[in-house]
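Shown here is one chain on its own, the form predicted on its own, set out as structure tokens.
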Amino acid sequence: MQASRARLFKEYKEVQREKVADPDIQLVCDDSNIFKWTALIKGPSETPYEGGIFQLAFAVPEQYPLQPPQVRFLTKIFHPNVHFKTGEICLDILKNAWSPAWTLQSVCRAIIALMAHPEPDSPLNCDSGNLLRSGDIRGYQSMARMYARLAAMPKKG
């Protein structure tokens, strides 16, 4: 557990340094628990999520970095690889393709890449996956854009 704390503390310091360098990701460590983090990520441009700010929750295991963090969307998102109700993310690096070389920051990058390039063949959200698999790109994009507007975009007063 000491090694995981040291690693997370190192990542925390890197995040503080990179705040300006990566405007798409804002990672924040819980004040009282270094194993709990949240992130705000910007929806990738030229996707239905563009303009949205999506919140992620990280639960980091004591065996980190030998085991991956558990990450889920707190913001509702219509995406084939994200469970609509729980926010669970289907991403290989969070499961069997994890490597200790990954950091919380690079996991955020991978999630942003997944948002831009969904994998409809392994869906957690079957409605979203079925739209893409059947070739209804417009239907998928309009649903994804609608949910992004409802859940991830600041309300205009």
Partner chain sequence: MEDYFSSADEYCYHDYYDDDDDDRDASYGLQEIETEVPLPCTKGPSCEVITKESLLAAQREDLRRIMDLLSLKEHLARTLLIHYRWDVDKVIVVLVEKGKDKLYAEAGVTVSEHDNLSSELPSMVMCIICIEEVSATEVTTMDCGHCFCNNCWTEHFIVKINEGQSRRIRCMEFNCYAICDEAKIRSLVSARDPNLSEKFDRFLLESYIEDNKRVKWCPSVPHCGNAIRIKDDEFCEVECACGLQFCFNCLSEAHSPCSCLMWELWSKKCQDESETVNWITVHTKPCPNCNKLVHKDGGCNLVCCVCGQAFCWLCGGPTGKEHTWTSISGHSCGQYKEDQGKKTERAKMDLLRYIHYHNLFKAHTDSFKREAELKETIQEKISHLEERQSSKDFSWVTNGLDRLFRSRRVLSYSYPFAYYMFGDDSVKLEMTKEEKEIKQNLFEEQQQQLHANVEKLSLFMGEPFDRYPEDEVEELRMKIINLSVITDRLCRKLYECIENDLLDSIQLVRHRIAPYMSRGLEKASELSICWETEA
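Positions refer to the first chain, counted from 1. Since this is a predicted model, take the numbers as computed values, not measurements.
What comes next is about the form predicted together with the partner chain, which does not appear here.
In summary, the region of this chain contacting the partner chain in the model of the complex, judged by heavy atoms within 4.5 Å and restricted to 98-106, 53-61, 26-34, 40-48, corresponds to 98-106.
Proximity of R133 to the partner chain in the model of the complex: non-hydrogen atoms within 4.5 Å are present. Taking the partner from elsewhere, L66 is found to have a heavy atom lying within 4.5 Å of the partner chain in the model of the complex. Proximity of K10 to the partner chain in the model of the complex falls within the 4.5 Å heavy atom cutoff.
Remark: I112 does not count among the residues lining the partner chain in the model of the complex, judged by a heavy atom distance of 4.5 Å or less.
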